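Next up: just one chain, as structure tokens, the form predicted on its own.
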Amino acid sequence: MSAYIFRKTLVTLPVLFGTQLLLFLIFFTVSSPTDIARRVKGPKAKEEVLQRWIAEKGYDKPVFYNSQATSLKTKVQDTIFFSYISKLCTFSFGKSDYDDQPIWWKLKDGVGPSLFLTIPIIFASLLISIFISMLAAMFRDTYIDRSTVIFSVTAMSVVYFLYIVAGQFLFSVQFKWFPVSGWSDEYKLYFAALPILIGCIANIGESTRFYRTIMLNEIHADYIRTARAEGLGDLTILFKHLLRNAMIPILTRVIMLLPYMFTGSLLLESFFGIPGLGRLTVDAINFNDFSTISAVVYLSAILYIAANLINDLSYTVVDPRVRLS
């Protein structure tokens, strides 16, 4: 087990490095240090103010190779890319390029609202979609199953953005049950109720279709026919046999959603004014805040790699036949 974890970790290191290299190339292809400085200091800032800010942030160095340095070591190290990678490796994210606030503080402040929003969405939509899919599998080829398919396909076809706009218009503007947007640490549930409701509705369709396929694959298995022959009830077959044997693909999907709990929902947080990591990422992109973007992407990549490893380890718990070597 430990050897497998070690090899798995070594394999993911190039993936982590490649993610950051790609982000670096994309960002500095689209934007230049001068563009970043102008976004921070304003379009009317003088040139000397811009150059001073660029020098303070270390963006005045060559990007990948410093030809003016004396030694080969310095030619590689005295660059923007090396400074960028070395800070990420030591988790020294520094301060934001836009507002000069410590990035760790911003990440810490954003985790709470993101978790408060995404945890109910993930687990509520999980329970509802599994229940509907099990019901559809039990009554396959009936009007219940067909209605489930129609509902799933219809819900998947609607753009996420439309769910948000329709939800705000219907529940906030027309019925006035929830606020249109905003956030308060004292009244979290009041402001998060509508985003959670919209997130659940938007996720149920695709999740139900996925879990229905899994349940239909299992419902025709020999152990289900044996359980029926033994006279077991439908609820016993559903929860003790069908659900248990379908846990591996369900676990795969659920565990890979865990990083989403921390990184938040970009659209929901942006439209509803929730100060989570999703909105932090959108603001960082709008303000060309490379330091914040790189920190969020780096932590997201680590979370996805960790979720992938946990996913493999969970197979051995659910199915004793699985061995990791």
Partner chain sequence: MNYSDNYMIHNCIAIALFCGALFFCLWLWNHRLWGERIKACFKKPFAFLGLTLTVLFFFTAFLDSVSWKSQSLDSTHLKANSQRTALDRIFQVVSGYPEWEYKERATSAPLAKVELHDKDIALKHRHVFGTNVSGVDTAYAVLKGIRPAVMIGTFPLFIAIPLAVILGVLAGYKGGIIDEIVVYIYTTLSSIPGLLLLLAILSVLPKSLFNICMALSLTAWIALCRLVRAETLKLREMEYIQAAKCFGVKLPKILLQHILPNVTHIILITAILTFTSLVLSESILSYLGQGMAESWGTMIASAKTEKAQSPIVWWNLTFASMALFLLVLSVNIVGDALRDALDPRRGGH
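These numbers come from a predicted model, not from an experiment. Residue numbers count along the first chain shown, from 1.
Another form exists, predicted together with the partner chain; not displayed. Remarks below refer to it.
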Worksheet item: Within 4.5 Å of the partner chain in the model of the complex: all of 162, 168 and 304, by heavy atom?
Response: yes
Worksheet item: in the model of the complex, does residue 156 have a heavy atom within 4.5 Å of the partner chain?
Response: yes
Worksheet item: Can you check whether residue 291 is within 4.5 Å of the partner chain in the model of the complex, heavy atom basis?
Response: no
Worksheet entry | Residue contact check: residue 75 to the partner chain in the model of the complex, 4.5 Å heavy atom | no
Fill in: 4.5 Å heavy atom contact, residue 19 and the partner chain in the model of the complex
yes
Practice prompt. Pick the stretch from 83 to 91, 210 to 218, 121 to 129, 242 to 250 whose residues have a heavy atom within 4.5 Å of the partner chain in the model of the complex.
Written response: 210 to 218
Worksheet item: Going by the partner chain in the model of the complex, which residues of 28 to 44 come within 4.5 Å of it through any heavy atom?
Response: 30, 39
